[in-house]
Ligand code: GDP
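Given as structure tokens, the chain that follows is alone and in the form predicted alone.
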């Protein structure tokens, strides 16, 4: 295998530091702070170097699946396994990121340097158009090309399938591919989306068939699969870490754990999914229009004429409020973290100056003593003035 089959291009080559100490490779497996990097000939286990960890300012600078790195030459540790240290992560061409669920509102990069994002949803009761719109916002802000994969079409009738396709087309302007692993439908068409050296990633809820599709691409059972729960058609978490596979035809595909919750930030709302609504908002008579009962409201006019579904606009407003709230929390947290880091570095600088000053005086006193000069110390007491 060569680096170009893993996605190596001039974009990354121009960033390389001419340092013979470092090797080049791509992260193909990540789990917490442990990584596996492929250098074009073999896989190598890697961790952070201390210098790399110290220089990190934001968490989105941490290495993720799909990143290209410069790493130290591997050495054999006590476990007799070769290991190396990541020293530098090259600038990303694209990145897929989200807000981590919970109160902390951390930004998490799911994968980097991807060309296609395959949003997988099954044709059973798991299908949810609002969830698909959220995934689309996530993908549009990544820089990669989206494609919706409607899986398990053998579970529904042709009429039901057509209704699902029509529902997607009414809300999302993205190519759709229908697939069935059981009957080998649409698999080759999906694989043909990737050319030599390209990288695709499967995202979606648990149990929609991502791992089953990848097993067909690879040609062997490398990804563990589970059956969905019969009582509610919900999927079980099967994939626990992100893995990049090099598949026949010198193409790459990334399998990721299922996403159960997807929160949004402001830059995603402006990513193109709601362009029709944003155009209408700009046509409103008043700049501060609330789109409730104002005269000259382009949104209300479009809903009355049937040009815009009220449910779609309601969904947009809900996501807009959520993204504004998350973005405010995220920006505040980044400000606090950077301020804390700045204060820490300032304290370190002050301590360094103090140490140098003390060292300077000690050196001066030792020189005077060697020259036979007697040193006398005085204690000066400051007494406050009494009124």
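Keep in mind it's a predicted model, so treat the numbers as computed, not measured. Residue numbers count along the first chain shown, from 1.
Only in words, not in the display: the form predicted together with the ligand, which the text now covers.
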Among the candidate residues 309, 189, 182, 304, which is the single one with a non-hydrogen atom no more than 4.5 Å from the ligand in the model of the complex? 182
Just one of 275, 107, 294, 154 has a heavy atom within 4.5 angstroms of the ligand in the model of the complex, so which one? 154
Tell me, please, which stretch of 84-92, 205-213, 161-169, 242-250 lies within 4.5 angstroms of the ligand in the model of the complex when heavy atoms are compared? 205-213
Taking only heavy atoms into account, state which residues of 29-45 are within 4.5 Å of the ligand in the model of the complex, ordered by sequence. none
